[in-house]
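Consider the single chain below, provided in structure tokens and representing the form predicted on its own.
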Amino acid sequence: MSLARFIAKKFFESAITVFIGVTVAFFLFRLLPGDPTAAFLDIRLSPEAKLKLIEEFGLNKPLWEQYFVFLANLLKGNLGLSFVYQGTPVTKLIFGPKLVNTVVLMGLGMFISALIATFLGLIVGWNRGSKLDRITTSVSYMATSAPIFWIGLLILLIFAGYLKLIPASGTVSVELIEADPLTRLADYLWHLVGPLIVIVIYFLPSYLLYVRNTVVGILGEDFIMVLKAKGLKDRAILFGHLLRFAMLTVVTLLALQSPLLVSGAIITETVFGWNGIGLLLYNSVLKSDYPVIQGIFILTIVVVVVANLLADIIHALIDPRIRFEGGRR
């Protein structure tokens, strides 16, 4: 199968997946128990005023009619209005600084974790059974079993409480909002340090273990013996051949965890008061702000599908065998 045909096939499958996911999102949030209007209707309003607001949000229409209206609005980029932030479009809440903050935090954290895990996993896997392998594997298993909220609180206690090296909460300092761009950027990065450390500690051990196990599994293959028989040095085998397999593993992991690029590490953003989508989702769930939750859910679906599409394309470029029918990654 040619690369162009492979990509076209994946694009078609991705479009179908997005449509199904959006449809599920619509019916899921309308079948949830409870009264979504309770979050934004003042108890002092008269029954007539409450009815008017319900009609304004379209909650009194038949479900099938709401569905087609929903699809039409979605194609226009209209995700509705927030119940809590009355009159504020959901798109304005989501596609703004909050999304940027989450993408910066999660994207940078996942990239750093993947980069370190790829090269460290190659070395540890190549030296399987060594003291380095035993220590690294043990520490990685311990780190993966630690709750992320506990890691966040520990980082706050040590670096913010005792050492005073990072701020305890927030995305920027209030007193620097009107400062020059360079000063605000430095302050932003200063606030980013704490949650970023937590994200790296959370992802790095699992990535490293996957890469290490991939390398260990490949070392028994015949082509490794052939490469050694040809006189290739260990470094040439590691970074000239095994690196490709490690990259396939890391790309797959990044695609599987792509939802976090949108929803973010909710617990981490809540612990550090990081003004991102994760914190917005947490507050929206507490206040039953269904339009915002639905908007984040739909955005997550799109990001997951696009990330997996990119992963499939990258896999096909790294390993052309995947393009052929019957190939599996």
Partner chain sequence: MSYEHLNVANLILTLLRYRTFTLGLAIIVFIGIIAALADTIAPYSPTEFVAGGLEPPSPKHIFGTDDMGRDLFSMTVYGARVSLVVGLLAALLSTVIGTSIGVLCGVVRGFVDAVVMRIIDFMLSLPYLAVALAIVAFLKPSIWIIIVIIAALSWITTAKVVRTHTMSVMGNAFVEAARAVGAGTGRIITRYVLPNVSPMILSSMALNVRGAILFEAALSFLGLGDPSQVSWGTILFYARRAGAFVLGAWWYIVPPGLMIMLTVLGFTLIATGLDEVLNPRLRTT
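Since the structure is predicted, the reported quantities are computational estimates derived from the model, not experimental observations. Residue numbers count along the first chain shown, from 1.
We do not show the form predicted in complex with its partner chain, though everything after this point is about it.
Chemist: With the partner left out here, if you bring back its partner chain in the predicted bound form, are L238, M247 and A316 all within 4.5 Å of it by some heavy atom?
Modeler: Zero of three within 4.5 Å in the predicted bound form.
Chemist: Within 4.5 Å of its partner chain in the predicted bound form, counting heavy atoms only, one of 227-235, 68-76, 134-142, 107-115 shows up; tell me which.
Modeler: The contacting stretch is 134-142.
Chemist: Hey, in the predicted bound form, does V193 get a heavy atom within 4.5 angstroms of its partner chain?
Modeler: Flag for V193 set to no.
Chemist: Contact with its partner chain in the predicted bound form for L243, defined as at least one heavy atom pair within 4.5 Å: yes or no?
Modeler: Residue-level check for L243: no, no contact with its partner chain.
Chemist: Is V24 a contact residue for its partner chain in the predicted bound form, using a 4.5 Å heavy atom cut-off?
Modeler: The answer is yes: V24 has a heavy atom within 4.5 Å of its partner chain.
Chemist: When the contact criterion is heavy atoms within 4.5 Å, does I20 count as touching its partner chain in the predicted bound form?
Modeler: Yes, contact at 4.5 Å.
Chemist: Within 4.5 Å, heavy atoms only, which of L219, A186, A168, L165 is in contact with its partner chain in the predicted bound form?
Modeler: Partner contact (heavy atom, 4.5 Å) among the options: A168.
Chemist: If you look in the predicted bound form, which residues in 132-166 sit within 4.5 Å of its partner chain (heavy atoms)?
Modeler: Heavy-atom contacts to its partner chain in the predicted bound form: Y141, M142, T144, S145, A146, P147, F149, W150, L153, L154, L156, L157, G161, Y162.
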